[in-house]
Every structure is written in C-alpha cells, then in structure tokens.
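The chain below stands alone, shown as structure tokens; this is the form predicted alone.
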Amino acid sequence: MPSVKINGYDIYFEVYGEGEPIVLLNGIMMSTSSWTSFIDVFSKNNKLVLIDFLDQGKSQKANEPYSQDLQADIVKGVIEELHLDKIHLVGVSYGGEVALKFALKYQNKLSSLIVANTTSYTTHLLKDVGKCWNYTAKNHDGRAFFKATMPFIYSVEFYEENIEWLKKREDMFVTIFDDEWYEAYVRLVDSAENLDIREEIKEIEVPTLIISSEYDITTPIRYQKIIHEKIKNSKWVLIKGSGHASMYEKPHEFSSSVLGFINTYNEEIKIV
C-alpha cells in the first residue's frame, strides 16, 4: 500500500473499493490494521480510506512535539493525493478530535462528519488520565501499560465476557510494542493535551452524526452532548451496553450507525 510525504513525514494509507469515499480515522492506540474486520462492510459500496496518523502504525515517527492541527493537515494531504473532492469523515476517540479539527479547517472538503466516543476539549481529568498512561508508556512495560489503559477502554460486561481475549492482547502488548512505539504514543497523547474547541465547533455546518456509548468512562456521554448542542442540526445516537471502544464491543451497531447516516443524511423522509 502507498505512502505520501506530508509536511516532511511519510504517511501510510490504504484504499479499498469504489464509490463515495469514507475516511476512517484511528483512535490513539490504533492503526490501519485495527480496521481489518471492517474493511469489507465499509468498502462494499464506498471507497474506503484508512490512514495511519503521524506516530502511528506504518507512518513515520515524529522528531519533535506537534499538535492535532498537524494530524488534520495530514488527512488533507492524503485526500489530495487521492484526488478526492469531498469525503465522509469518520473519527473515533483521538481520531474524532482530529476530525473536528479537520472540519474547522477544511469544511469544504466534507460531505458529512461522524465522530464517535470523542470530545471537543481535554478536561483536567482527561489530562491526568493521559499523564498516567504516559507514565506507564515511558517505562516500556507492556503489561503495566495494558493494565493502566484497558480498563478505561472497555465496559465491565465486555471485560468479564472476553477476559481470555484480553489476556491474549496483553501478551501481544508485551511482544509487539517496542521502545519506538511507546515514545510515539507519548507524543500522540501530548498532542491532545491542550485541545479545547468547544466554542469553535459551532462553526461546523456539514451534516454531522455524534455517536456515544452508554458505559464510556473515557469520554462520557456529556462530552458528546456538548458537541451535539454546538453543531447545528447534528444527529446523536447512543450505543447501549458499550464502553469507549464501541466499534469493537458493538461492531454491528457502530457500522450501521455510520453507514445508515451516510446513506440517509441528505434524504428527505416524510412520515405521512
């Protein structure tokens, strides 16, 4: 799969299918490979674009601190490389924050905007959570990092019912995350520390869907309520029984919410 140089960095991306383009933006610990199970459903009737942000996956690692504005510019660079006029932009968690930034900078490039389990500002609590995650990341201890992060990502029910799968992921953390990965992760967390676009997002006028989860303790429902209230005519859905990682806990609900909105946002539906 190709890469493109943007702002001096080699950025990796993948493209699948044909049709109106959907661009999926990763959460902070994700990469393009995190969407493997979703490729078929999202590319069945659309061109699907997956991107590794700077400091993620197969993209280049940064040589200095940066803000999420740079990540928004990276998304713009990829869609220009692909000669895409307008896109449906979908961002989860960290990717949702970047998607909001993108919408503020490049609104004319959007057909629609969908943000899931995300926030428009980093509260003091979130800053401290990030510092906790960074502390364990700087120790390069996969098991400690897993224990510090995963309880914030999944609901209690999912944790209890999938503990063997989670144990295998913990083993994976130990084997595949190297020093370079942890250093990149710390920069990603730091790039979101000063996010506060609560007032600016009222300028977003494209069709927008906000997705929340009932048991999300990382970005609770009230964070999405703020986004919904600020973006005029936005739609808001709640996925029941899920924690922060709604696309993994409730993949059908997540996918149907995204694709349903993309297929109906500009349709007039009259109830007679």
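Note that the coordinates shown come from a computational prediction; the quantities given were computed from them, not determined experimentally. One rule holds for the numbers: they count along the sequence shown, beginning at 1.
There is another form of the same protein, the form predicted together with another copy of the chain; it is not shown, and what comes next is about it.
Should residue 131 be classed as touching another copy of the chain in the model of the complex when contacts are defined as heavy atoms within 4.5 Å?
-> Yes, residue 131 is a contact residue.
May I ask you to check whether residue 191 falls inside a 4.5 Å heavy atom distance of another copy of the chain in the model of the complex?
-> Flag for residue 191 set to no.
Look up in the model of the complex whether residue 221 has a non-hydrogen atom within 4.5 angstroms of another copy of the chain, and give yes or no.
-> Because a heavy atom of residue 221 falls inside 4.5 Å of another copy of the chain in the model of the complex, the answer is yes.
Is there a non-hydrogen atom of residue 227 within 4.5 angstroms of a non-hydrogen atom of another copy of the chain in the model of the complex?
-> Residue 227: no, not in contact with another copy of the chain in the model of the complex.
Choose from 148-156, 176-184, 89-97, 110-118 the stretch whose residues reach within 4.5 Å of another copy of the chain in the model of the complex, heavy atoms counted.
-> Contact criterion met by 148-156 only.
Check each residue of 238-272 against another copy of the chain in the model of the complex and list those with a heavy atom within 4.5 Å, in sequence order.
-> Stretch hits, in order: 238, 239, 240, 247, 248, 251, 252, 253, 255, 256, 257, 259, 260, 261, 263, 264, 265, 266, 267, 269, 270, 271, 272.
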